[in-house]
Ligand code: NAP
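As structure tokens, one chain now follows by itself in the form predicted alone.
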């Protein structure tokens, strides 16, 4: 596929080539949007450049000279702030930073404040849809920031997502992602508990999954993780340790609101137990380990 009209105005750099970032950056490269990448592990960046016609930069500070749009997808709040600090010296009114990471709303707002002080702009844009969605270009993006900034890069985002929802000012995207993560926790608890219950009952679980997936109990997690979990396969997917990190953000938000989220708290406790057993890099469906017949 050749470059889309307007690609020269939408030339981008991408920071973070992990399980989500690499396929997202790959879509941008194939559409002709991507010019440069940076990754904490240089070997991963070099491997990416061998498959895509882009350059790997050694220093974050060089990215603003390579592209006016800089996207990042990293794991933690401190990583986002480190990246932003490293970019600030090169930012101008022509730059737009878009952060696909999942962090606290406060971190997104702090990052935006620093970026806007340089005259540039910032969008917080966490995604949902898992590695499958990133690979297929079918993510949902929850955006916080100025509408004009979002409109200016919609063609670029369309190469990554089938749904882009603007939710308000910076921080609102992260608040929506927190709601998403609470739902993921509850669905994970329900599906793993139900399948473990069926296994205890002696049912043929592949047939049970086939039977219930088309009814009122059907859902994405059952369709995409049901068979693998009953077979004892827990490759990510969405790493358990990262969902735990997200639920810790949720817990802090709930505490500030003086509300309780009992189901999310139960999931956090289960994840901590699994993390202590060495399963932090497993998919979140590894919750089934705690419930299945021994």
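All values derive from a computational prediction rather than experimental measurement. Numbering follows the first chain given and starts at 1.
The form predicted together with the ligand exists for this protein as well; it is not shown, and the discussion that follows is about that form.
Asks: So in the predicted bound form, are 26, 36 and 156 all sitting within 4.5 Å of the ligand, heavy atoms only?
Replies: No, none of the three is in contact.
Asks: Only one of 57, 242, 67, 250 gets a heavy atom within 4.5 Å of the ligand in the predicted bound form. Which one?
Replies: By the 4.5 Å heavy-atom cutoff, the listed residue in contact is 242.
Asks: Select from the listed residues 79, 106, 193, 85 the one whose heavy atoms reach within 4.5 Å of the ligand in the predicted bound form.
Replies: Exactly one residue meets the criterion: 79.
Asks: Please determine whether residue 17 contacts the ligand in the predicted bound form, using a 4.5 Å cut-off between heavy atoms.
Replies: Taking the distances in the predicted bound form, the answer for residue 17 is yes, it comes within 4.5 Å of the ligand.
Asks: Taking heavy atoms and a 4.5 Å cut-off, does residue 233 contact the ligand in the predicted bound form?
Replies: Output for residue 233 is no: heavy atoms all beyond 4.5 Å of the ligand.
Asks: Looking in the predicted bound form, any heavy atom of residue 48 within 4.5 Å of the ligand?
Replies: Taking the distances in the predicted bound form, the answer for residue 48 is no, it never comes within 4.5 Å of the ligand.
Asks: Since only the chain is shown here, I'm wondering whether residue 44 would be in contact with the ligand in the predicted bound form (any heavy atom pair within 4.5 Å).
Replies: Yes, contact at 4.5 Å.
Asks: Which among 69-77, 145-153, 85-93, 110-118 is in contact with the ligand in the predicted bound form, heavy atoms within 4.5 angstroms?
Replies: So the stretch in question is 69-77.
Asks: Does any residue in 202-219 get within 4.5 Å of the ligand in the predicted bound form, counting heavy atoms only, and if so which ones?
Replies: Stretch hits: zero.
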